[in-house]
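Only one chain is included here, represented as structure tokens and corresponding to the form predicted on its own.
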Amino acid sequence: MTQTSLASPELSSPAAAPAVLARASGVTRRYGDHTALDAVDFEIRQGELLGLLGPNGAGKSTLVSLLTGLKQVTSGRCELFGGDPRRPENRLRIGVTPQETGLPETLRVAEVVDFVAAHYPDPENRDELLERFGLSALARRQTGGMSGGEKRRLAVALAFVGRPRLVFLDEPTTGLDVESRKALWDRVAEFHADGGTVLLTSHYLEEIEALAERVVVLGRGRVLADDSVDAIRGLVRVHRVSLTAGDLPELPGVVGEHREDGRVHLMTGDPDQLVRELVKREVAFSGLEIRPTSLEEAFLTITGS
């Protein structure tokens, strides 16, 4: 099958410094008394495949909604292609797959693609797009008769209809089986290889590892880390060693410590070494428990939040 480029040709010279396509500057977003984002600084540079990682409720979807003009900031500023994300001329150059997508149940798959394509001056060829995302056999099926995974594949395909320069994929593999997830990763990688820019959100580290070059980690509405995949991978290899004990000496390899409900919780990259050190120093302890930290625990500990 001949592959047609999904990326827009509107790209600057490779010798030029990457342009910033989207930016959040000191952005705070509140919902009543709840702060979803707290003074976030963030940018997406042309040509990168950026992973936005964090647990559920970290603020990932809120940030995507602000950058794509679907919501307004409480304070701070968002920019899309140097202007207001709510302006149609800026939004025309993006593609979006939100975390939750509603499709008109009586329309057929091909009709949905045609409807979305009508909003763009130079849309992708419908049949080629459906083939690329494995939807050709479903072209005449009503969306109401599709499985959850099939609807998700269609929602992702729709993000590429308008030949976007920048694509936002918010938890795109929700409801997909392993084979469909891998196929989707391949399509995203092809778009990026052709010069497209992608923001991919996920709470699965392995998904970000499979695609992204740069990773931004959100937790409790704040940016906790912004680095390469290798650097982030190293940071989250932290274990939580919990035990009941009195005062503890300074222990090697401990990157964080806090007490709660009469127990002490130690964060370390080498829990075996830590336990050996406790025994070696004849520290009295009980109720030992060792487990991997969650992403939120690891990064909140490492950043001292």
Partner chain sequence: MALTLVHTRYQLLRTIRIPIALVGSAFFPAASMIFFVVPAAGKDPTGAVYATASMVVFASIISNLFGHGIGVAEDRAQPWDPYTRTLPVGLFPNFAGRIITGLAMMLLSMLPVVVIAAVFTEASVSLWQFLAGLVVLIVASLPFMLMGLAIGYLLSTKAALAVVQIIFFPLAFAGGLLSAPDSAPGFVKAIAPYVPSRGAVELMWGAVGDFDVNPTAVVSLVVWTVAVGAVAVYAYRRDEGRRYR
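Residue numbers count along the first chain shown, from 1. Not measured: the values here are computed from a predicted model.
The same protein also exists as the form predicted together with its partner chain; that form is not shown, yet it is the one meant from here on.
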item	value
Residue contact check: R108 to its partner chain in the predicted bound form, 4.5 Å heavy atom	yes
Non-hydrogen atom contact R240 with its partner chain in the predicted bound form at 4.5 angstroms	no
Contact of Q99 with its partner chain in the predicted bound form (heavy atom, 4.5 Å)	yes
4.5 Å heavy atom contact, P88 and its partner chain in the predicted bound form	yes
Options 116-124, 209-217, 145-153, 189-197; stretch whose heavy atom lies within 4.5 Å of its partner chain in the predicted bound form	116-124
Residue among L92, A139, V229, L176 with a heavy atom within 4.5 Å of its partner chain in the predicted bound form	L92
In the predicted bound form, the one of V255, V264, L70, A39 near its partner chain [non-hydrogen atom within 4.5 angstroms]	L70
